[in-house]
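Before any questions on binding or motion, here is one chain by itself as structure tokens, the form predicted alone.
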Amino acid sequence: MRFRTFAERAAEMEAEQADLETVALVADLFVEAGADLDVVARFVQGRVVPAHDATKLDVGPALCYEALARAAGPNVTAADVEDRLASVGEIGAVAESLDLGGQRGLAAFGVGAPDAGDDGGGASDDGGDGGAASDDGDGLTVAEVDGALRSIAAAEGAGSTDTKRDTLFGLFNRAEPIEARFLARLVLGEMRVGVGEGTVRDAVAEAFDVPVDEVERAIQVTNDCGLVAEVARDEGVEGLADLRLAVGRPVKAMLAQAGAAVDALESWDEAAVETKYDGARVQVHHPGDGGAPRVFSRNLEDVTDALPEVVEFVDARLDAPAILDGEVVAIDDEGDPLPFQEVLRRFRRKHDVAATREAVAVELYAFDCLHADGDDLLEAPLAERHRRLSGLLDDGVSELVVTDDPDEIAAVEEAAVEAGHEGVMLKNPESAYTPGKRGKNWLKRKPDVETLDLIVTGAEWGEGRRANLFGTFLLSVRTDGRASGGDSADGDQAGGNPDDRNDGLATIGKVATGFTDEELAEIYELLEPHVRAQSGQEVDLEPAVVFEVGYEEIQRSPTYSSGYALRFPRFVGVRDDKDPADADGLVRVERLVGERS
């Protein structure tokens, strides 16, 4: 498929506001995609790799601006691109407005493109490498773009920045205006056409005449919309039914919403109660064939090397394939839990893990089992999954108490808090495990101060000794109010496609307290690659980092675009384990305000 064709269809989706019509447009695109179906199913969501693959392009706005400026000719600089972005407000529109292609002669000789024959894992018969001219002249194909972007993701080490810049230049230099619009968005992960996993799910069902629930189940177990689309087209319902969990391929974590014991007991006959740990969510995959276990974070990054004692713990106890869900908790010398930020010290460490392990010890608390010895357990009731988990591990399993007595729930919560943990989880004992979904079957209860996970979208330079660091941070919520699995006001999925059209953000306040000098230095290094523009003291940031922020109260306020403001906000920590798609939304803010009014 020509990339221009993809871009034209994406433009139609962007202009369409109705969900059903958008689904129809995506379905038509899927039918037309041919051999590029798996790539198109990812691209339309702004993805370069499947959702289970944590590989990143690692291309910041500045690098993208440089490549665009180079493709626009010698009289255009990255600063010019940044200035135009400040005026236009969106990188796709900026890319489309530039007069790209002034260096086509260089591109024809392979400058800024993968080596000939290296398709980066994504080429098909209708496209060559990112630098060679295609069969209708110099037009880009979907396969070429995929191969070039994959080569960017694979670039590392000395010279990798130049390689990424050259490859991007090669693509932009060959792009027509409408192609540049969506190529720039794809590179920066800002597709903005209102298509998420829900739309893709429905479009696959419509395009290839298969039941939507079968498509959803297949996406849950594979975490790969491209694969599911291909199987639906080529093998139908039978092929979808054959798709299963695979050890080593992580799936999204099931999510919880805030709740109380009365909510649980009103909804279910009994509640399963367990400790809510102040740790980092992990998914442990044990192959059971002599291979080493692998550990994935909540946002599906491979953190195996950072957590050797978790690998050792699981490997010593399992001899059959298994996929476990749990929490890694930092502990002190007496075995008592340490704050969440101590766990993140382990996750952030790429080198000298042994020294960090000595400084910060961690333990695994497993609380769910998705697969055991050849059996997929997603559809099994929670109580059954926990029984299988207890059969796999002789220790390290979070205790589960099933009761209909509010006093017993209170006693479990009191014991958890006294032990230094956050509170308790309340779960429906009969519930299935639904990857990526946030609903009423899992409730979290924390008796301490409420916090929000908010996206950092701006900053201001500090003063005095902090003048070379960011000192104040602008915070935003998701305006659709839903996390990546799609949670609406009551926790269930709303009609249509609740996880789509989720590009909108609304500001809710600024935070400037709770930071140490060391933390501000680390945060500056974390945020600096995501700077999009700056004016005076104010800095505009790409929405890429999530802060956990405590507050005393949420007030209605016209100062911020959400209509709310945090009273006495205080920085708690960076949520390295969460992507912006997992941050809190406006619906939760409104719910919290309603609960206190």
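Just so we're on the same page, rigid core means the largest C-alpha set that superposes within 1.5 Å between forms. Residue numbers run from 1 along the displayed sequence. Just so it is clear, the model here is predicted, and its values are computed rather than measured.
Just so it is clear, the following notes concern the form predicted in complex with a small molecule, a form of the same protein that is not shown.
Q: Could you tell me which one of 285, 150, 276, 478 places a heavy atom within 4.5 Å of the small molecule in the model of the complex?
A: Partner contact (heavy atom, 4.5 Å) among the options: 276.
Q: Please identify the residue among 192, 357, 233, 444 with any heavy atom within 4.5 Å of the small molecule in the model of the complex.
A: After the contact test, the surviving option is 444.
Q: In terms of non-hydrogen atoms within 4.5 angstroms, which of the given stretches 261-269, 86-94, 421-429, 72-80 touches the small molecule in the model of the complex?
A: Stretch 421-429 is the one.
Q: Mark residue 217 yes when one of its heavy atoms lies within 4.5 Å of a heavy atom of the small molecule in the model of the complex, and no otherwise.
A: Taking the distances in the model of the complex, the answer for residue 217 is no, it never comes within 4.5 Å of the small molecule.
Q: How about residue 510 - does it come within 4.5 Å of the small molecule in the model of the complex, if we only consider non-hydrogen atoms?
A: Judged by the heavy-atom cut-off of 4.5 Å, residue 510 is well away from the small molecule in the model of the complex.
Q: Just checking whether residue 367 would be counted as a contact of the small molecule in the model of the complex - the rule being heavy atoms within 4.5 angstroms.
A: Residue 367 belongs to the contact set for the small molecule.
Q: Answer for residue 281 alone: is it within 4.5 Å of the small molecule in the model of the complex, judged on heavy atom distances?
A: Residue-level check for residue 281: yes, a contact with the small molecule.
Q: Does superposing the core leave residue 32 with a CA shift of 2 Å or more between this form and the one not shown?
A: Shift of 2 Å or more: no.
Q: Is it true that residue 552 shifts between this form and the one not shown by 2 Å or more at the Cα, once the core is aligned?
A: After core superposition, the C-alpha of residue 552 moves 2 Å or more between this form and the one not shown.
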